[in-house]
Each structure stands twice: as structure tokens, then as C-alpha cells.
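As C-alpha cells, one chain now follows by itself in the form predicted alone.
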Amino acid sequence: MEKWYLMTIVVLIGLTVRWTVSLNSYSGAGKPPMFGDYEAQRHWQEITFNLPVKQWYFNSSDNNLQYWGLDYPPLTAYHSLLCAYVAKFINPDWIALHTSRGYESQAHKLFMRTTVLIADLLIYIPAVVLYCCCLKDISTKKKIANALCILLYPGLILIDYGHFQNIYNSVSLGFALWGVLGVSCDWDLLGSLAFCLAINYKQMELYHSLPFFCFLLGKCFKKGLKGKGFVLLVKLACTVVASFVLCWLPFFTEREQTLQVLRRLFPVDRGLFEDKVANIWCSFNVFLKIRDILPRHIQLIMSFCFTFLSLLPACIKLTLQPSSKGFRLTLLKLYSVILFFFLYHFRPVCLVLSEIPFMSTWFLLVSTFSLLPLLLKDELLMPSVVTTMAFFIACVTSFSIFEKTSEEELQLKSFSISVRKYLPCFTFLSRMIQYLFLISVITMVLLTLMTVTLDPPQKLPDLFSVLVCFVSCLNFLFFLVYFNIIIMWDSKSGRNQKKIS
């Protein structure tokens, strides 16, 4: 009883922080003619409500795709349509065709913020609570603390409730987390269904599809493809196909309709340099002009190959040795898309916050810092500082992260033992990581202060944005190496334990 009482308080704290952040500014506020992502979401409600389904993804006089054209999967469009029906009931002017373009008011802002909060309450927050309650080998107190830290993660709060990204991240992440819960608890069909809903809400969830596929395929191999494993494989295939068919049914009537939706979902013509994000390409383009040297299609091929190759070892291991822990760690590995592909994604790291609290907290701080140029553009500096400090304090007090820096706590013991066979003096790894953390934090704080207080040189107007991008990328490269080590050495540690037993 006390457990649920405390969990309720944690949820209320999370909701309070979200709503407080939502009182601040948002993307494109009062900035015509394009405004921002807030306007994109409003415009999608306008389009889905006033136009037939067949016109949602096509350019026309009523649907100018250059003005925030719909470029997310069908479930996002259906969600926009649902919100539009509510908006129509409250104030038809909010979604009136053409005349509502750029509509802004306090009442409408309240409505839009409320739609995000409701989505959180229905999908994301229940998934977080249940996930934390299902964690094994930790106390009830730690489960509640884990839920608090996940719900206070500033990156997601600032994007959904501050910036108001043109998609409800909480919905796709909530469905994905339900999927993680399902397949981890052997509810494989329900987990597959939930993850398919995540993909059909936001195409970026495709990045997570490879670990899901490998984990479920590994389960089928383990059960035997000539018996129960084959039956499970067929059931999974039917579940995936049926869920996609139901979501895409209105767009399967004509071949061109389907192709147009796919073209809108995967706009590869934008290239790798649409914005200054903390990936390899944007960071090193400062020194080597990749954008000018290589044709766009070559950039795309390189990006895909690097991304795929960076994921391959962990996914092969997951297929051959399927385990819930390995599955979660492989999901973490997917943040390599930050480095090698178009976009970035941080949230899977929350899944191992209780297992590797020091490194997870550090990573999530860096991920929030990498959003600094975007948050400053939206006048969200104060909410960023406050939510980041609240998250950091929650992690420090809940997990005593500075006491969890030994090789064993960092899950680097088996790696260190292997290295010490050749380098007996290799005893400083834990201390080195602590120093790197200190350097990282000091650099982020100083760069934030410089960005806020100093004007960049006239010849280098993007200096601070590029520095934020570059520093974040260096941190992410370090984490890429770290997570690779704990994934690959985890299997060796497991084998050694089996031999001992």
C-alpha cells in the first residue's frame, strides 16, 4: 500500500514539473511566417480535419507541403484528427482551413499543452511506472526512485512541454516502452503489437526495430525452429503484418498513395546537415567539409553503413544469446544513430538508470546539454537549468551515484581483468572515468555560460552552437565505446560465471 502511495506522489511530482515547464514559451511563438513546431502540430489538426484522408500527404492548394506538411506515420495523423475533433468542439477557429494559419492564443496554448499531458497520462507514465515496478533484484525504494528520475528526465520534458516538438514523443516512447515490457516478460505478441504502434506513430522508432527483431528471433531459435519456436515466429509475423495493415489501410487503396506517404516519412533528400545536431557528420564537417566533398547519395550510403556496422556486433550477440539485460543494453547501443545518422535519440538510457546510475546520469546530462541551442532559441534557459538541476539532484540522492564508480558498479570489472592480463598496471580505469566526468561537466557549464553571456564573433555567428555540437559529440563517442565494452564483455563474464558454477 505504501509503495503505491509513494509512486502516486512521484507521478504527481512528474506531472507538476511538466505543467510548470508548459507555462513557458514554445517553438516559433510570435515568429511568422513559419512560426515553429507548435504551429506544425496545430496545422496537422487543421489538415486532417478538413481534408479527406487521400489528400493528407499530397501537395495541393489546400495542403501546401512546404508549410509544415504532414511527414509522420498514419497513427500520428489519426491522433491529430482526434485532437482536431476536440478543438472543433471548443473553438472551430483553431482548425479552420487556411484562416487558422499561425493561430496563437492563451486558450489554444492551454489546449495544446493539455493534449500532451493527457497523452503522457494515458500511455507514457503508466508504462514507466509498470516498468519500474517490474525491475528485479532491487528494493521497492529503488523502484520508486527509478521512476522519479525517469519522469524528471529534462530532455523529454523540455522538448514535449517547452519546445513543443511537432510530434508527441511521449506517445511513441510510451508504446515502445510497453513493447520492451512485453517482450521482456514473455508477452511477446503484446510487446510486438505495442512496438508496431510505436513505429506507426513515429518512424524514428525504426532505430529500435533491430534489437526487437534480434531478441525475438533469438527467442524463436532458443525454443527450436522445428517446434514451439516456429509457432512463435509465425504468430509474431502475423501480429506485425496485421498491425501494419490496420494502421495503413486507408493508404493502401492506391499504389501512388502508399508511395507518397513513404516519401514523406523518409525525406532523404534533406541530407545529413539539416541542422546542427551532435553527430559525427555535423561535428567533423567543421574540419573536413564532408558536405562539399561527397555527393548526397554517397553521404546517405556512408551514414547507413556506419550505423548498421556499429549495431551489428551487439545484435548478433543478442540473437545468439537472447536475454532481457542484453536486450536493454542493445537498445542503449542504438544511440549510435546520434553519431552516424540523421537524428538523435536519448531515452533508452533511462532503462538502465538503476543498473549503471553514474554513467546513465552522466549520459542524460550530456543529452540535455546537446539541446542547448534549440532551447535558447525558444527562450527556455531557465526551465532547462531548473529541470536539469532537479534531475541531477534526484539521481545523486536516489542512487548515490558518486559512490557507484568502482569497476564493478560501472560493469567494467571483467574488461579490466582482461586488460590487466597484458597490462598489470591498468588499475586506474575507475579514477580516470571520474576525472572525465568532472572535465565533461565543467566544460558543459562553461560553454553554457559563454553561450548565454557572450556574443559570438561576427565572422563566426554559429561558433557556440558548433562548440556545443562538437563537445556533445565527443562525449557521445566516449559513451559509444563504453556501452560497446559492457555489452561485449557481459557475455564473457556470464561464461566465466557458468564455468565457476
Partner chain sequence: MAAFTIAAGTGNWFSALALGVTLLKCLLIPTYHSTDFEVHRNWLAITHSLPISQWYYEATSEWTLDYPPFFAWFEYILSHVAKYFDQEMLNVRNLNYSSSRTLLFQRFSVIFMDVLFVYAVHECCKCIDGKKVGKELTEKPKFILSVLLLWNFGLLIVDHIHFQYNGFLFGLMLLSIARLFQKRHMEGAFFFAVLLHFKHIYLYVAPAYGVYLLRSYCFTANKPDGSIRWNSFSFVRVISLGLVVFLVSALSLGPFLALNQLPQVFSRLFPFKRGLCHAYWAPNFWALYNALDKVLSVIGLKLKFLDPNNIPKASMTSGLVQQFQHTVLPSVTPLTTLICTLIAILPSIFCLWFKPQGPRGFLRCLTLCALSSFMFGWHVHEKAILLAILPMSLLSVQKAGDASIFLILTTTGHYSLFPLLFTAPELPIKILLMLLFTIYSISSLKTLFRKEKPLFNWMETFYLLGLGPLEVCCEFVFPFTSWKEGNGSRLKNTLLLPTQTRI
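All of these numbers come straight from a predicted model, not from anything done at the bench. Numbering follows the first chain given and starts at 1.
Quick note: we don't show the form predicted in complex with the partner chain, though the next part is all about it.
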Partner proximity in the predicted bound form: N59 to the partner chain, non-hydrogen atom cutoff 4.5 Å: no
Is S400 a contact residue for the partner chain in the predicted bound form, using a 4.5 Å heavy atom cut-off? yes
Residue-level question: is N484 within 4.5 Å of the partner chain in the predicted bound form, judged on heavy atoms? no
So in the predicted bound form, does any heavy atom of L210 sit within 4.5 Å of the partner chain? no
Tell me, out of A237, L320, L262, M389, which residue has a non-hydrogen atom within 4.5 angstroms of the partner chain in the predicted bound form. M389
Option touching the partner chain, based on a heavy atom within 4.5 Å in the predicted bound form, out of I393, L225, L130, I90: I393
The partner chain isn't shown here, but in the predicted bound form, which of 22-30, 460-468, 51-59, 64-72 has heavy atoms within 4.5 Å of it? 22-30
Using a 4.5 Å cut-off on heavy atoms, what residues in 109-133 are near the partner chain in the predicted bound form? L110
